[in-house]
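The chain that follows stands alone, in the form predicted on its own, written as structure tokens.
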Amino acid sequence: MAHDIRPKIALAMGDPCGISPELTAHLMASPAIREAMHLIVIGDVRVLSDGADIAKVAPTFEAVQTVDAIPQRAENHLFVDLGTLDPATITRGSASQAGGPFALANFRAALDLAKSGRVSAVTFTPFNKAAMRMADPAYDDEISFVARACGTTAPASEFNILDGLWNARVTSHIALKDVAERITTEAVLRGLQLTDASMRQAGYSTPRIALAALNPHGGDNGNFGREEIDILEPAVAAAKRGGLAVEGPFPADTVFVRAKAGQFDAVLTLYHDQGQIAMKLMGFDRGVTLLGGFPFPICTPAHGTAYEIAGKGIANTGAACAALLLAARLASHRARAAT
């Protein structure tokens, strides 16, 4: 028998009030997912069953009650049934007091599996931040939660990936009024360095990175602001001295046109929506979010919980499938690089 080299990937069920249950069922039933990886899904089998009924699929799997009961080898996908949520106790389509603890417990267990080396990557179906904060008032976003769970202070960031194009950002989940004061030469340089390092871990030999400007028309030589001259250009110069293939800053309203045309592999933007709008317009149903800077890949669909269509059986599985396949590719590349 040929040696099975498919990576083991943990999948944490996300918000049970949105489309996460049906997405999870679809993923577990997908032949493409089964061919690419071994899944260890964490959640509640009753929530999965509810999602399978909505999705009209019948995934095959072996169920265990604790992560300690996970066998070393299994023919089918594995489902860790934590038994923490009866779907009859929640209302589909809105954030709930019960949904946050459910998703957090699943995510924490998946991270523990990766920390212990029992899986090579972590994935999750969409969370709702309001529900997560009901469970954990200190919850800010996935980056800070993973950092706390893993005990790491290393630089980390979200990357949005679509059809081979990466988008990173210097600031993320903060108010727009606070963005400008957070844009420093040091912060931008860290963003460029983290983007380069994360893409090299994904197999890029020399990733080509474009930096987006902050101000309209790239500041127009200082007429619309001096951040490009005083902050961004020095960061690009420092990155180039460090051997990075970086260009910019380029006006934000054209940089993605150039990147989509193949001139760059990644765009580092300065705030959340500066890149998210462009990426989601180019492919909302295919985009993936990667949490980079951690010891193992963490991937999820770039879209949210889609409360408005939860339970209707019409959720698009493209981004969720792409997230798992990316996690498997990243895990396999890291394994090859380590040998």
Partner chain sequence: MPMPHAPMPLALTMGEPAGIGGEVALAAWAAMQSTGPVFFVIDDPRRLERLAHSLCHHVPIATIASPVEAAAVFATALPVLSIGTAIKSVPGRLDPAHAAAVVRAIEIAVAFAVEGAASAVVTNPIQKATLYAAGFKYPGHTEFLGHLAGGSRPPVMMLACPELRVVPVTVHQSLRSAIASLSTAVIIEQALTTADALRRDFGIAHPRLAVAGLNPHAGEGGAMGDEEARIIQPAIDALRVAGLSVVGPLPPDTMFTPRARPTYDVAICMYHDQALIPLKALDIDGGVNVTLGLDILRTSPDHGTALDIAGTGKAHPGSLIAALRMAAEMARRRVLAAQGLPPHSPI
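This structure is a prediction, so every number in the text was calculated from the model and none was measured. Numbering follows the first chain given and starts at 1.
Here the subject shifts to the form predicted in complex with its partner chain, a form of this protein not shown in this document.
- This chain appears without its partner; in the predicted complex, the one residue of Ala154, Ala138, Val257, Ala237 with a heavy atom within 4.5 Å of its partner chain is Val257.
- Scanning Pro216, Gly242, Gly83, Gly117 against its partner chain in the predicted complex with a 4.5 Å heavy atom cut-off leaves one residue, Pro216.
- Within 4.5 Å of its partner chain in the predicted complex, a heavy atom is found for all three of Leu176, Glu181 and Gln276.
- The stretch in contact with its partner chain in the predicted complex, judged by heavy atoms within 4.5 Å, is 277-285, chosen from 60-68, 277-285, 291-299, 39-47.
- At the 4.5 Å threshold, heavy atoms of Tyr204 stay clear of its partner chain in the predicted complex, well away from it.
- By the criterion of a heavy atom within 4.5 Å, Ala252 is counted among the residues contacting its partner chain in the predicted complex.
- At least one heavy atom of Gly225 is located within 4.5 Å of its partner chain in the predicted complex.
- Within this chain, Thr185 is remote from the site of its partner chain in the predicted complex, having no heavy atom within 4.5 Å.
- In the predicted complex, just one residue of 116-149 lies within 4.5 Å of its partner chain by at least one heavy atom: Arg133.
- Relative to the shown form, the CA atoms of Gly304 and Lys177 are pushed 3 Å or more farther apart in the predicted complex.
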